[in-house]
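One chain comes next, on its own, written as structure tokens: the form predicted alone.
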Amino acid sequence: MEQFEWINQVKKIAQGIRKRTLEHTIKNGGGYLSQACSSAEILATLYTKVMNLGTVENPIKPKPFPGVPGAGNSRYFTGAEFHGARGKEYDRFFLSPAQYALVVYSALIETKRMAEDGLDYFNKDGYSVEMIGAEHSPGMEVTTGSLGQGISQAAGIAFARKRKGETGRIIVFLSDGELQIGQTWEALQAMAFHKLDNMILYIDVNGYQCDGKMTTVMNVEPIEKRLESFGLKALRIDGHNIEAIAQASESKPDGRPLAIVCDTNPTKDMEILCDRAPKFHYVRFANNEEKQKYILFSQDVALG
């Protein structure tokens, strides 16, 4: 019964992530919607079941941008506060593809870590809730910059934590498009060489990137075999199977970083997106008529 309850809770959160992202996309005339379709179960499971994060007593309201970090800036902060207290036993989460920021914000709201009106500050001048998340954005503590940089920073922090004897893990969320980037593979081989088995990578393999279908732009399959050849332990699962997502993270450390390759659907529960194939990367309405179609879809279809 207990297992049934947490799975239902995760399903509800994943449904909320998709719904909230769809409503935000309609309201703002565009958004990274397919990313919510493919990653909702992954992020909902991470925040609910997998990651050991500090508690947040009350949902946090996003703060104004604190200014450029530096020794003279006492107002500076990172978005890690949304993950609760720091400690050697707590996990730390890194979002490598920063364009997924809207989905992470939705996940933070659905899991009561960010205030309900947090998205009202999205891309608003003077605030930290950026479209392409940065180190001060909710749920983030580094600026991942160009794709491929996030995993490198996470690996460095994992190395430092391992040397300090900290038991908390480094959880990294990646997109399959990042596997087309050389820096990603440099980081992976460094992680394997230094035996960073305190790292878990969740890779959203939805099969598409900004220029279209992955296999057409630059095929990186078979992903799990390539990862294994670089010295990682790789598991391949259904990225919408909540139990599989949670169970994969329980794999016993064996000296190798763990990569969980999650096969996902960029139009899951939103068949309206299918008309956009193969360009799912960003939804921007061509005209008011198209926007009205999405409004009707949001009113008529129960997500999840």
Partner chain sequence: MIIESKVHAKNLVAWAKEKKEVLVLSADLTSSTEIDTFRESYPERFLSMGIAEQNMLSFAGGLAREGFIPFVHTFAVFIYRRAYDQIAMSVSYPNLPVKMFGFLPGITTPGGVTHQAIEDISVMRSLPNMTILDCGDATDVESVLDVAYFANGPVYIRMLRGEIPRLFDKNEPMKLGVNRTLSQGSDLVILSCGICTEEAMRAIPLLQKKGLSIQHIHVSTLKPFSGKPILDLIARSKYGVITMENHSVTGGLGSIMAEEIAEAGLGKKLYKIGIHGYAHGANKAYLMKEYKIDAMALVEKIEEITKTSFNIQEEDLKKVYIEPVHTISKAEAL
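Residue numbers count along the first chain shown, from 1. Everything quoted here is computed from the prediction, not taken from an experiment.
The same protein also has a form predicted in complex with its partner chain, omitted here; what follows describes it.
Just one listed stretch, out of 96-104, 225-233, 139-147, 204-212, contacts its partner chain in the predicted complex at the 4.5 Å heavy atom level, and that stretch is 139-147. For the chain shown alone, residue 86 is a contact residue for its partner chain in the predicted complex, at least one non-hydrogen atom being within 4.5 angstroms. Put simply, residue 161 is close to its partner chain in the predicted complex: some heavy atom of it is within 4.5 Å. Of the heavy atoms in residue 156, some are within 4.5 Å of its partner chain in the predicted complex. Proximity of residue 278 to its partner chain in the predicted complex: non-hydrogen atoms within 4.5 Å are absent; the residue sits far from the partner.
Across the proposed site, 180, 286 and 292 without exception lack any heavy atom within 4.5 Å of its partner chain in the predicted complex.
Contact with its partner chain in the predicted complex, defined as a heavy atom within 4.5 Å, holds for exactly one of 152, 128, 198, 175, namely 152. Residues of 170-201 placing a heavy atom within 4.5 Å of its partner chain in the predicted complex, in sequence order: 183, 186, 187, 189, 190, 193, 194, 196.
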